[in-house]
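Given next, in structure tokens, is a single chain: the form predicted on its own.
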């Protein structure tokens, strides 16, 4: 266990778990996101296993302490004031295992999507190639119903193991959980622990070919600079990237944040951007789209945390 400055609440947290659970106070979160912006977590935790996660969730619920689940930090924008309360990351081995049983693949919520796709390919199991290019975890992909290259997480999910905010574990067929485009309301009030994914047999060569084709398409169409992925959901009338390009906003900059020259629906961190820079650019794009085209752009990226100005009282 990592010990930091003594704090009464930190001490209480530590008493609930074993030494295998990691705790840190005032943990910088920018390095834990793909955008590389944002403040700190008041308390940060990597639980060792499900029972210890259960005790932490039960305690936060009973004590009215806010908490947030953090995956691989993609599709996420953390405000500069950081996250109050407890940030939980399911990155330890008990939450990251990938096991295969016939035509099903079971993976923990902390497993990286790239690792899931690669392991399926090694075993000659197809259907998950689209996951290889999504820089997230299984848990985050379930919450967002993440997708790419025509595939979506819930389209390949058979069943889910989850935990209530009170710490109870359950299993449920994925078909009984409502999901839609880039959103799963169920995981706003439940914690994903693991998922069983549907796969089918194919040759490793064929799977590798499809993964390579997807990777080449992605590198040609998406920026290499740090980003959170697509910023806006696609309106019904026009893809967001095309709309932003038509508005002449590619290359538009505020502070260290810029609209990508490669893809209009990406905002990149070009020069030590702050979350405030990114938020200002998002607002500018939304206003431009509304004023000039009458289209209300809805963010796909999840925006969390508090503004730095609120912490200073300004």
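Residue numbers count along the first chain shown, from 1. Everything numeric in this text was worked out from a predicted model, so none of it was measured.
Just so it is clear, the following notes concern the form predicted in complex with a small molecule, a form of the same protein that is not shown.
K.L.:
Within 4.5 angstroms, counting heavy atoms, which one of the listed stretches 221-229, 203-211, 98-106, 120-128 is next to the small molecule in the predicted complex?
P.N.:
Comparing against the small molecule in the predicted complex, the contact stretch is 221-229.
K.L.:
Taking the shortest heavy atom distance, is residue 241 within 4.5 Å of the small molecule in the predicted complex?
P.N.:
Residue-level check for residue 241: no, no contact with the small molecule.
K.L.:
Mark residue 74 yes when one of its heavy atoms lies within 4.5 Å of a heavy atom of the small molecule in the predicted complex, and no otherwise.
P.N.:
Contact with the small molecule, yes.
K.L.:
My question is simply whether residue 195 lines the interface with the small molecule in the predicted complex - judged by any non-hydrogen atom within 4.5 Å.
P.N.:
So residue 195 does not count as contacting the small molecule.
K.L.:
Even though the small molecule is not shown here, does residue 160 get within 4.5 Å of it in the predicted complex, heavy atoms only?
P.N.:
No, no contact at 4.5 Å.
K.L.:
Thinking of 34, 68 and 148 as the candidate spot, does the small molecule come within 4.5 Å of a heavy atom on all of them in the predicted complex?
P.N.:
Every residue of the candidate spot has a heavy atom within 4.5 Å of the small molecule in the predicted complex.
K.L.:
Can you work out which of 20, 302, 14, 25 has a heavy atom no more than 4.5 Å from the small molecule in the predicted complex?
P.N.:
The residue from 20, 302, 14, 25 that makes the contact is 302.
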